[in-house]
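One chain is shown next in structure tokens, namely the form predicted on its own.
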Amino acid sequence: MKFGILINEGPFTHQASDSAYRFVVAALAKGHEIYRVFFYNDGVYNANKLSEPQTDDRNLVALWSALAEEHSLDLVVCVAAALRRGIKDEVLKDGFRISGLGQLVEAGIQADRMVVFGD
């Protein structure tokens, strides 16, 4: 099955990003395809390389980046949501890219299922 993933929450304020990450890892382990992961609203904070969680906390920004490299995932950050929150190309962690909502629409069309994490 081919999944599209939409993440609407940041990595440190809500469980949604962590749940999405675990879902993607499990789906890949079962042989499913992840067409695209789209970060929207506060979800764009998942791409900010300037975030520094405590050493005993999970670092979802680094985890997403490493997963993207390992599996050639397409991690797309919504440009409008990112700019409203001060996220620009220069602060994106490796593996993330900025684009528009058309990428979300395309993921919804191309994927068999679109799974949404967060409000």
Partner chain sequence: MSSMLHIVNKSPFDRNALDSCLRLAGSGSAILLIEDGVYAAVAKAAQADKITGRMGDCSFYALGPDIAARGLSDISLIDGIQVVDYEGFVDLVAEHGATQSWL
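This is a predicted model, so every value here is computed, not measured. Positions refer to the first chain, counted from 1.
Another form exists, predicted together with its partner chain; not displayed. Remarks below refer to it.
Using a 4.5 angstroms limit between non-hydrogen atoms, residue 66 is distant from its partner chain in the predicted complex. Although the partner is absent here, residue 13 lies well away from its partner chain in the predicted complex, with no heavy atom inside 4.5 Å.
Of the heavy atoms in residue 30, some are within 4.5 Å of its partner chain in the predicted complex. In the predicted complex, its partner chain sits beyond 4.5 Å of every heavy atom of residue 50.
Counting a residue when any of its non-hydrogen atoms is within 4.5 Å of its partner chain in the predicted complex, there are no hits in 55-69.
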